[in-house]
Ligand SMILES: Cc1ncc(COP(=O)(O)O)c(C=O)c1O
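Starting off, we have a lone chain in the form predicted on its own, written out as C-alpha coordinates.
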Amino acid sequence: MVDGVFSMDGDRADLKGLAALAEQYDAWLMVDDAHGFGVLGERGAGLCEAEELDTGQVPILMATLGKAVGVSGAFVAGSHALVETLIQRARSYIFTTAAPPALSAAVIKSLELIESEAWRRDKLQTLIAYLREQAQAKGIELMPSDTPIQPLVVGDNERARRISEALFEKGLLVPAIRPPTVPEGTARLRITLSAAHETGDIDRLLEALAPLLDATEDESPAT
(Lines give C-alpha, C1' and ligand atoms only; values in the text may rest on other atoms or scores of the structure.)
Protein backbone atom coordinates (compact mmCIF):
# COMPACT_ATOMS: atom_id res chain seq x y z
CA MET A 1 0.00 0.00 0.00
CA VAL A 2 1.35 3.41 -0.93
CA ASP A 3 0.34 7.02 -1.43
CA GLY A 4 0.43 8.17 -5.04
CA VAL A 5 1.57 11.67 -4.08
CA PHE A 6 2.99 12.01 -0.59
CA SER A 7 1.01 14.62 1.27
CA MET A 8 3.80 16.24 3.29
CA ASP A 9 6.63 16.21 0.72
CA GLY A 10 4.70 16.54 -2.55
CA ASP A 11 6.79 13.88 -4.29
CA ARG A 12 5.44 10.94 -6.27
CA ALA A 13 5.68 7.25 -5.46
CA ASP A 14 7.66 5.02 -7.81
CA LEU A 15 4.55 3.17 -8.94
CA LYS A 16 6.24 1.38 -11.83
CA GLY A 17 8.91 0.02 -9.50
CA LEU A 18 6.33 -1.01 -6.92
CA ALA A 19 4.15 -2.64 -9.58
CA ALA A 20 7.16 -4.66 -10.74
CA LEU A 21 7.83 -5.80 -7.16
CA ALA A 22 4.20 -6.75 -6.69
CA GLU A 23 4.31 -8.84 -9.86
CA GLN A 24 7.58 -10.47 -8.78
CA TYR A 25 6.15 -11.53 -5.41
CA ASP A 26 2.58 -12.26 -6.60
CA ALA A 27 1.18 -9.41 -4.49
CA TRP A 28 -1.50 -6.79 -5.02
CA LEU A 29 -0.58 -3.12 -5.18
CA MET A 30 -2.98 -0.65 -3.55
CA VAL A 31 -2.56 3.06 -4.29
CA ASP A 32 -4.13 5.90 -2.32
CA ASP A 33 -4.11 8.67 -4.93
CA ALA A 34 -5.82 11.35 -2.83
CA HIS A 35 -3.40 14.05 -3.98
CA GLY A 36 -2.96 12.85 -7.55
CA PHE A 37 -6.53 12.11 -8.64
CA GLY A 38 -7.92 14.99 -10.68
CA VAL A 39 -4.49 16.63 -10.90
CA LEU A 40 -2.21 14.19 -12.74
CA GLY A 41 -2.72 12.33 -16.00
CA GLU A 42 -4.03 13.46 -19.37
CA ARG A 43 -7.66 13.03 -18.27
CA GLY A 44 -7.01 13.73 -14.59
CA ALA A 45 -7.29 10.08 -13.61
CA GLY A 46 -4.24 10.41 -11.38
CA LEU A 47 -0.76 9.01 -11.04
CA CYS A 48 -1.69 5.58 -12.41
CA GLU A 49 -2.78 7.19 -15.66
CA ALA A 50 0.31 9.41 -15.72
CA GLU A 51 2.53 6.34 -15.28
CA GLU A 52 0.45 4.33 -17.80
CA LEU A 53 -0.38 1.58 -15.31
CA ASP A 54 -3.49 -0.55 -15.75
CA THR A 55 -5.76 -2.42 -13.35
CA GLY A 56 -3.64 -5.53 -13.68
CA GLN A 57 -0.66 -3.64 -12.26
CA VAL A 58 -2.67 -1.64 -9.70
CA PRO A 59 -5.63 -3.82 -8.68
CA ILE A 60 -6.80 -1.46 -5.91
CA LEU A 61 -7.10 2.30 -6.38
CA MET A 62 -8.60 4.62 -3.83
CA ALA A 63 -8.86 8.40 -3.59
CA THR A 64 -10.77 11.10 -1.82
CA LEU A 65 -13.62 13.06 -3.36
CA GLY A 66 -12.87 16.02 -1.09
CA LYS A 67 -9.83 17.48 -2.83
CA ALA A 68 -9.71 17.87 -6.63
CA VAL A 69 -13.27 16.58 -6.96
CA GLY A 70 -14.39 19.27 -4.53
CA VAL A 71 -17.17 17.36 -2.77
CA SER A 72 -16.78 14.86 0.09
CA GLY A 73 -16.33 11.16 0.65
CA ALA A 74 -13.96 8.75 -1.07
CA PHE A 75 -13.94 5.72 -3.34
CA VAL A 76 -12.27 2.36 -3.80
CA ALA A 77 -11.97 1.09 -7.39
CA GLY A 78 -11.10 -2.45 -8.38
CA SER A 79 -12.53 -5.67 -9.72
CA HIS A 80 -16.17 -6.61 -9.25
CA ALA A 81 -15.15 -9.33 -6.78
CA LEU A 82 -13.09 -6.86 -4.73
CA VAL A 83 -15.85 -4.25 -4.59
CA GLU A 84 -18.51 -6.80 -3.66
CA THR A 85 -16.25 -8.24 -0.96
CA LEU A 86 -15.77 -4.80 0.57
CA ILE A 87 -19.50 -4.08 0.45
CA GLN A 88 -20.36 -7.35 2.16
CA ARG A 89 -17.42 -7.72 4.55
CA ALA A 90 -15.96 -4.31 5.45
CA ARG A 91 -17.14 -3.73 9.03
CA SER A 92 -16.94 0.06 8.78
CA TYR A 93 -19.16 0.03 5.68
CA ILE A 94 -21.95 -2.39 6.59
CA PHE A 95 -24.13 0.05 8.57
CA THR A 96 -23.04 3.19 6.77
CA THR A 97 -25.85 5.38 5.43
CA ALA A 98 -25.79 5.72 1.66
CA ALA A 99 -24.52 8.98 0.18
CA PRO A 100 -27.36 11.40 -0.71
CA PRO A 101 -28.31 11.67 -4.41
CA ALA A 102 -27.29 15.34 -4.50
CA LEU A 103 -23.75 14.39 -3.50
CA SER A 104 -23.61 11.71 -6.18
CA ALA A 105 -24.83 14.20 -8.80
CA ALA A 106 -22.13 16.67 -7.74
CA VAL A 107 -19.44 13.98 -7.97
CA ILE A 108 -20.58 13.00 -11.48
CA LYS A 109 -20.47 16.63 -12.62
CA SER A 110 -17.03 17.12 -11.05
CA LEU A 111 -15.70 14.05 -12.84
CA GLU A 112 -17.03 15.40 -16.14
CA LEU A 113 -15.22 18.70 -15.55
CA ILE A 114 -11.99 16.96 -14.52
CA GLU A 115 -11.97 14.87 -17.68
CA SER A 116 -13.03 17.57 -20.14
CA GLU A 117 -11.34 20.72 -18.81
CA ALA A 118 -7.64 19.93 -19.03
CA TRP A 119 -6.87 23.65 -18.92
CA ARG A 120 -7.22 23.49 -15.14
CA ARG A 121 -4.35 21.01 -14.90
CA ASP A 122 -2.32 22.99 -17.43
CA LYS A 123 -2.82 26.17 -15.41
CA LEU A 124 -1.88 24.37 -12.22
CA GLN A 125 1.40 23.18 -13.72
CA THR A 126 2.13 26.73 -14.88
CA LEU A 127 1.50 28.03 -11.36
CA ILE A 128 3.75 25.37 -9.84
CA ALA A 129 6.59 26.31 -12.18
CA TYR A 130 6.04 30.02 -11.48
CA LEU A 131 6.10 29.51 -7.71
CA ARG A 132 9.32 27.54 -7.86
CA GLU A 133 11.02 30.02 -10.18
CA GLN A 134 10.04 33.05 -8.11
CA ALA A 135 10.89 31.35 -4.82
CA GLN A 136 14.35 30.46 -6.13
CA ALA A 137 14.85 34.04 -7.26
CA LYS A 138 14.15 35.21 -3.71
CA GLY A 139 16.43 32.60 -2.17
CA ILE A 140 13.53 30.54 -0.79
CA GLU A 141 14.38 26.85 -1.10
CA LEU A 142 11.34 24.63 -1.60
CA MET A 143 11.48 20.85 -1.35
CA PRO A 144 11.72 18.97 -4.68
CA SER A 145 8.15 18.57 -5.96
CA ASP A 146 6.29 18.93 -9.25
CA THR A 147 2.85 18.61 -7.65
CA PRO A 148 0.60 21.26 -6.06
CA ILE A 149 2.11 20.42 -2.63
CA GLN A 150 5.18 22.66 -2.28
CA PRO A 151 6.69 22.34 1.21
CA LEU A 152 9.19 24.78 2.69
CA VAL A 153 11.22 23.18 5.50
CA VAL A 154 11.75 25.59 8.39
CA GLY A 155 13.15 23.13 10.92
CA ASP A 156 12.14 24.59 14.28
CA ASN A 157 8.56 23.93 15.38
CA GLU A 158 7.91 27.32 16.95
CA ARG A 159 9.48 29.19 14.07
CA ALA A 160 7.20 27.38 11.63
CA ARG A 161 4.19 28.20 13.81
CA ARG A 162 5.11 31.88 14.08
CA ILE A 163 5.55 32.27 10.34
CA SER A 164 2.28 30.47 9.65
CA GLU A 165 0.38 32.71 12.08
CA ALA A 166 1.96 35.84 10.63
CA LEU A 167 0.93 34.79 7.13
CA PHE A 168 -2.60 34.05 8.35
CA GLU A 169 -2.84 37.59 9.71
CA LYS A 170 -2.06 38.78 6.19
CA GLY A 171 -4.86 36.62 4.76
CA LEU A 172 -2.63 33.77 3.60
CA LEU A 173 -3.38 30.21 4.72
CA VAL A 174 -0.11 28.25 4.87
CA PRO A 175 -0.32 25.62 7.63
CA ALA A 176 2.68 24.80 9.80
CA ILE A 177 3.27 21.04 9.76
CA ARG A 178 5.16 19.74 12.79
CA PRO A 179 6.14 16.40 14.36
CA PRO A 180 4.79 13.78 14.67
CA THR A 181 3.24 14.43 11.25
CA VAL A 182 6.76 14.95 9.88
CA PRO A 183 10.15 13.85 11.32
CA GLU A 184 11.77 15.81 14.15
CA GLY A 185 13.68 18.83 12.92
CA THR A 186 11.74 19.09 9.65
CA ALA A 187 8.81 21.32 10.63
CA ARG A 188 7.60 22.99 7.48
CA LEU A 189 5.20 25.37 5.83
CA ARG A 190 2.91 23.45 3.51
CA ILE A 191 2.19 25.60 0.49
CA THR A 192 -0.60 24.15 -1.64
CA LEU A 193 -1.70 25.53 -5.00
CA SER A 194 -4.94 25.12 -6.90
CA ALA A 195 -6.20 26.10 -10.34
CA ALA A 196 -8.20 28.85 -8.62
CA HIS A 197 -4.98 30.72 -7.77
CA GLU A 198 -3.35 33.34 -9.97
CA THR A 199 0.28 34.42 -10.32
CA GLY A 200 -0.63 37.52 -8.31
CA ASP A 201 -1.51 35.29 -5.36
CA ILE A 202 1.94 33.71 -5.56
CA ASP A 203 3.60 37.12 -5.72
CA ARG A 204 1.64 38.19 -2.66
CA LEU A 205 2.65 35.05 -0.77
CA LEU A 206 6.35 35.36 -1.55
CA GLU A 207 6.41 39.08 -0.77
CA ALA A 208 4.95 38.33 2.66
CA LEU A 209 7.03 35.21 3.25
CA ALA A 210 10.54 36.45 2.43
CA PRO A 211 10.81 39.05 5.23
CA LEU A 212 9.23 36.66 7.74
CA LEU A 213 11.87 34.05 6.98
CA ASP A 214 14.62 36.63 7.42
CA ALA A 215 13.13 38.06 10.61
CA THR A 216 12.71 34.70 12.36
CA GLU A 217 15.92 33.06 11.18
CA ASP A 218 17.95 33.94 14.27
CA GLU A 219 15.17 33.93 16.84
CA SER A 220 15.16 31.29 19.54
CA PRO A 221 12.15 28.96 19.98
CA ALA A 222 11.22 30.83 23.18
CA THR A 223 10.62 34.20 21.47
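Note that residue numbering begins at 1 and tracks the sequence as displayed. All figures in this text were calculated on a predicted structure; none of them were measured in a lab.
The same protein has a further form, the form predicted together with the ligand, not shown here; the description that follows concerns it.
- The closest non-hydrogen atom of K67 lies within 4.5 Å of the ligand in the model of the complex.
- The ligand in the model of the complex comes within 4.5 Å of no heavy atom belonging to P100.
- Remark: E51 does not count among the residues lining the ligand in the model of the complex, judged by a heavy atom distance of 4.5 Å or less.
- Of the heavy atoms in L193, none are within 4.5 Å of the ligand in the model of the complex.
- Of the candidates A34, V174, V154, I177, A34 is the one whose heavy atoms come within 4.5 Å of the ligand in the model of the complex; the others do not.
- Here the chain stands by itself, but in the model of the complex one stretch of 67-75, 119-127, 133-141, 81-89, 67-75, has heavy atoms within 4.5 Å of the ligand.
- In the model of the complex, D3, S7 are the residues of 1-30 with at least one heavy atom within 4.5 Å of the ligand, listed from first to last.
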